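Two forms, one protein chain; C-alpha coordinates for each follow separately as structure 1 and structure 2.
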Structure 1
Amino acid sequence: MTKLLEWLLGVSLIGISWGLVTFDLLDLQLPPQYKEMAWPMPVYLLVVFGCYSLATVGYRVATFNDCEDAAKELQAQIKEAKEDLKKKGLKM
(Lines of atoms letter the chains of each structure in order from A and count residues from 1; the text may use other names and numbers.)
(Lines give C-alpha, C1' and ligand atoms only; values in the text may rest on other atoms or scores of the structure.)
Protein backbone atom coordinates (compact mmCIF):
# COMPACT_ATOMS: atom_id res chain seq x y z
CA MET A 1 0.00 0.00 0.00
CA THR A 2 1.44 3.37 -0.99
CA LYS A 3 1.69 6.35 1.33
CA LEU A 4 -1.05 8.12 -0.63
CA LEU A 5 -3.45 5.23 -0.09
CA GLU A 6 -2.57 5.09 3.60
CA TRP A 7 -3.30 8.80 4.02
CA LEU A 8 -6.53 8.58 2.01
CA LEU A 9 -7.68 5.63 4.08
CA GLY A 10 -6.93 7.45 7.34
CA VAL A 11 -8.61 10.66 6.22
CA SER A 12 -11.68 8.82 4.93
CA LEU A 13 -12.03 6.86 8.20
CA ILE A 14 -11.80 10.06 10.20
CA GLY A 15 -14.27 11.77 7.86
CA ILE A 16 -16.76 8.93 8.08
CA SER A 17 -16.57 8.76 11.86
CA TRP A 18 -16.92 12.55 12.07
CA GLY A 19 -20.00 12.44 9.84
CA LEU A 20 -21.56 9.64 11.87
CA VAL A 21 -21.10 11.51 15.15
CA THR A 22 -21.99 14.96 13.84
CA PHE A 23 -25.11 14.05 11.89
CA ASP A 24 -26.12 11.13 14.15
CA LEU A 25 -26.62 8.80 11.18
CA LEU A 26 -26.64 5.61 13.27
CA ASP A 27 -29.00 6.93 15.97
CA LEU A 28 -26.37 6.45 18.66
CA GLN A 29 -28.14 8.92 20.95
CA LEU A 30 -24.91 10.58 21.97
CA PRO A 31 -24.98 13.44 24.45
CA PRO A 32 -25.08 16.94 22.90
CA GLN A 33 -21.59 17.63 24.26
CA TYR A 34 -20.16 15.06 21.84
CA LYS A 35 -21.80 16.74 18.88
CA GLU A 36 -20.60 20.16 20.02
CA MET A 37 -17.10 18.80 20.34
CA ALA A 38 -17.17 16.92 17.03
CA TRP A 39 -18.48 19.79 14.90
CA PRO A 40 -15.24 21.88 14.80
CA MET A 41 -12.95 18.82 14.82
CA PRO A 42 -11.91 19.10 11.11
CA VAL A 43 -10.63 22.62 11.74
CA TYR A 44 -8.66 21.44 14.77
CA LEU A 45 -7.18 18.56 12.80
CA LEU A 46 -6.22 20.90 9.96
CA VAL A 47 -4.44 23.21 12.39
CA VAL A 48 -2.61 20.26 14.00
CA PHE A 49 -1.58 18.98 10.57
CA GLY A 50 -0.27 22.44 9.63
CA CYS A 51 1.74 22.68 12.85
CA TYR A 52 3.17 19.21 12.30
CA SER A 53 4.11 20.09 8.72
CA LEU A 54 5.83 23.32 9.78
CA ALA A 55 7.71 21.54 12.54
CA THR A 56 8.84 18.80 10.16
CA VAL A 57 10.06 21.25 7.52
CA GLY A 58 11.79 23.37 10.15
CA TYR A 59 13.54 20.35 11.65
CA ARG A 60 14.67 19.09 8.24
CA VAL A 61 16.03 22.54 7.32
CA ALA A 62 17.82 22.87 10.66
CA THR A 63 19.48 19.45 10.36
CA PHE A 64 20.33 19.70 6.66
CA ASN A 65 23.90 18.50 6.09
CA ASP A 66 26.37 20.60 4.13
CA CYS A 67 28.33 18.65 1.55
CA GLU A 68 31.59 20.59 1.43
CA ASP A 69 33.46 17.94 -0.54
CA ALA A 70 30.75 17.83 -3.19
CA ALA A 71 30.68 21.64 -3.35
CA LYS A 72 34.44 21.79 -3.94
CA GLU A 73 34.19 19.12 -6.61
CA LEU A 74 31.37 21.00 -8.32
CA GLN A 75 33.33 24.27 -8.26
CA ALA A 76 36.31 22.49 -9.80
CA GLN A 77 34.11 21.08 -12.56
CA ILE A 78 32.65 24.53 -13.25
CA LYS A 79 36.14 26.03 -13.47
CA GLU A 80 37.24 23.21 -15.79
CA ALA A 81 34.18 23.71 -18.01
CA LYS A 82 34.82 27.48 -18.22
CA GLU A 83 38.46 26.89 -19.22
CA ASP A 84 37.37 24.36 -21.84
CA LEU A 85 34.84 26.78 -23.29
CA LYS A 86 37.43 29.59 -23.37
CA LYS A 87 39.74 27.27 -25.34
CA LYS A 88 36.94 26.73 -27.84
CA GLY A 89 36.50 30.49 -28.29
CA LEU A 90 33.51 31.28 -26.11
CA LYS A 91 33.80 34.63 -24.37
CA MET A 92 32.44 34.97 -20.84
Structure 2
Amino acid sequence: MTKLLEWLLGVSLIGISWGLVTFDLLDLQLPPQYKEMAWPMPVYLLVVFGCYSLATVGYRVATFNDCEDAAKELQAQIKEAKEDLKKKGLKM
Protein backbone atom coordinates (compact mmCIF):
# COMPACT_ATOMS: atom_id res chain seq x y z
CA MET A 1 0.00 0.00 0.00
CA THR A 2 1.67 3.18 -1.15
CA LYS A 3 1.65 6.37 0.91
CA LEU A 4 -0.63 8.00 -1.63
CA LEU A 5 -3.17 5.20 -1.30
CA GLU A 6 -2.95 5.37 2.51
CA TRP A 7 -3.61 9.12 2.51
CA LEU A 8 -6.46 8.81 -0.03
CA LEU A 9 -8.03 6.03 2.05
CA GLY A 10 -7.80 8.08 5.25
CA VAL A 11 -9.14 11.24 3.60
CA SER A 12 -12.06 9.40 1.97
CA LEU A 13 -12.99 7.67 5.24
CA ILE A 14 -13.08 11.03 7.02
CA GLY A 15 -14.94 12.58 4.09
CA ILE A 16 -17.58 9.85 4.05
CA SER A 17 -18.18 10.06 7.80
CA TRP A 18 -18.49 13.87 7.51
CA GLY A 19 -20.95 13.49 4.63
CA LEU A 20 -23.02 10.96 6.58
CA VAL A 21 -23.33 13.30 9.55
CA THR A 22 -23.91 16.52 7.60
CA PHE A 23 -26.49 15.21 5.12
CA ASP A 24 -28.13 12.77 7.55
CA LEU A 25 -27.78 9.82 5.16
CA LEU A 26 -28.05 7.14 7.88
CA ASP A 27 -30.92 8.74 9.84
CA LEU A 28 -28.83 8.74 12.99
CA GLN A 29 -31.04 11.39 14.64
CA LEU A 30 -28.14 13.23 16.20
CA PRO A 31 -28.98 16.23 18.41
CA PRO A 32 -29.06 19.41 16.25
CA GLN A 33 -26.05 20.95 18.04
CA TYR A 34 -23.78 18.14 16.80
CA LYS A 35 -24.96 18.65 13.23
CA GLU A 36 -24.41 22.41 13.61
CA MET A 37 -20.86 21.67 14.74
CA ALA A 38 -20.17 19.08 12.02
CA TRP A 39 -20.92 20.86 8.77
CA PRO A 40 -18.14 23.50 8.90
CA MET A 41 -15.61 20.77 9.86
CA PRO A 42 -13.60 20.61 6.60
CA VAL A 43 -13.09 24.38 6.59
CA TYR A 44 -12.38 24.32 10.32
CA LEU A 45 -9.66 21.68 9.94
CA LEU A 46 -8.08 23.70 7.11
CA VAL A 47 -8.07 26.86 9.23
CA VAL A 48 -6.56 25.00 12.21
CA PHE A 49 -3.86 23.54 9.97
CA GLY A 50 -3.13 27.02 8.64
CA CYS A 51 -2.88 28.43 12.18
CA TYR A 52 -0.55 25.62 13.23
CA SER A 53 1.68 26.23 10.19
CA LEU A 54 1.77 29.98 10.85
CA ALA A 55 2.60 29.46 14.54
CA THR A 56 5.38 26.97 13.71
CA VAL A 57 6.97 29.30 11.16
CA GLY A 58 6.71 32.28 13.53
CA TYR A 59 8.16 30.36 16.47
CA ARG A 60 11.11 29.07 14.44
CA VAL A 61 11.82 32.56 13.09
CA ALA A 62 11.82 33.93 16.64
CA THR A 63 14.08 31.20 18.05
CA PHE A 64 16.51 30.90 15.15
CA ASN A 65 20.14 30.82 16.26
CA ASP A 66 21.83 33.94 14.94
CA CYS A 67 25.62 33.68 14.68
CA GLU A 68 26.69 37.34 14.79
CA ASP A 69 30.45 36.57 14.78
CA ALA A 70 30.19 34.25 11.81
CA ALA A 71 28.13 36.85 9.94
CA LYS A 72 30.71 39.61 10.52
CA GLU A 73 33.53 37.28 9.52
CA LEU A 74 31.70 36.32 6.34
CA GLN A 75 31.11 39.97 5.41
CA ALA A 76 34.81 40.72 5.93
CA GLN A 77 35.79 37.76 3.73
CA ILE A 78 33.39 38.91 0.99
CA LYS A 79 34.92 42.39 1.05
CA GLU A 80 38.42 40.92 0.91
CA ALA A 81 37.53 38.66 -2.01
CA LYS A 82 35.94 41.55 -3.94
CA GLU A 83 39.04 43.74 -3.53
CA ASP A 84 41.32 40.90 -4.50
CA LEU A 85 39.35 40.14 -7.65
CA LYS A 86 39.17 43.85 -8.58
CA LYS A 87 42.93 44.03 -8.36
CA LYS A 88 43.20 41.03 -10.69
CA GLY A 89 41.01 42.80 -13.23
CA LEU A 90 37.50 41.40 -12.73
CA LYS A 91 34.83 44.05 -13.30
CA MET A 92 32.19 44.11 -10.56
Partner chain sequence: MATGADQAVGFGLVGFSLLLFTYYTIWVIVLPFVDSDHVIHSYFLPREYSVILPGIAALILLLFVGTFIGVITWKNRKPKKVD
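Residue numbering: structure 1 sequence, from 1. If you're wondering where the values come from, they're calculated on a predicted model, not measured in any experiment. The term rigid core refers to the most C-alpha atoms you can superpose between the two forms while keeping them within 1.5 Å.
The chain appears twice here, and it is structure 1 that represents the form predicted alone. Put the two forms on the same core and the Cα of residue 61 is off by 2 Å or more between structures 1 and 2. Core-aligned CA deviation for residue 75 between structures 1 and 2: 2 Å or greater. Relative to the superposed rigid core, residue 8 undergoes a CA displacement smaller than 2 Å between structures 1 and 2. Taking the core as the fixed frame between structures 1 and 2, we note the C-alpha of residue 51 moving 5.1 angstrom.
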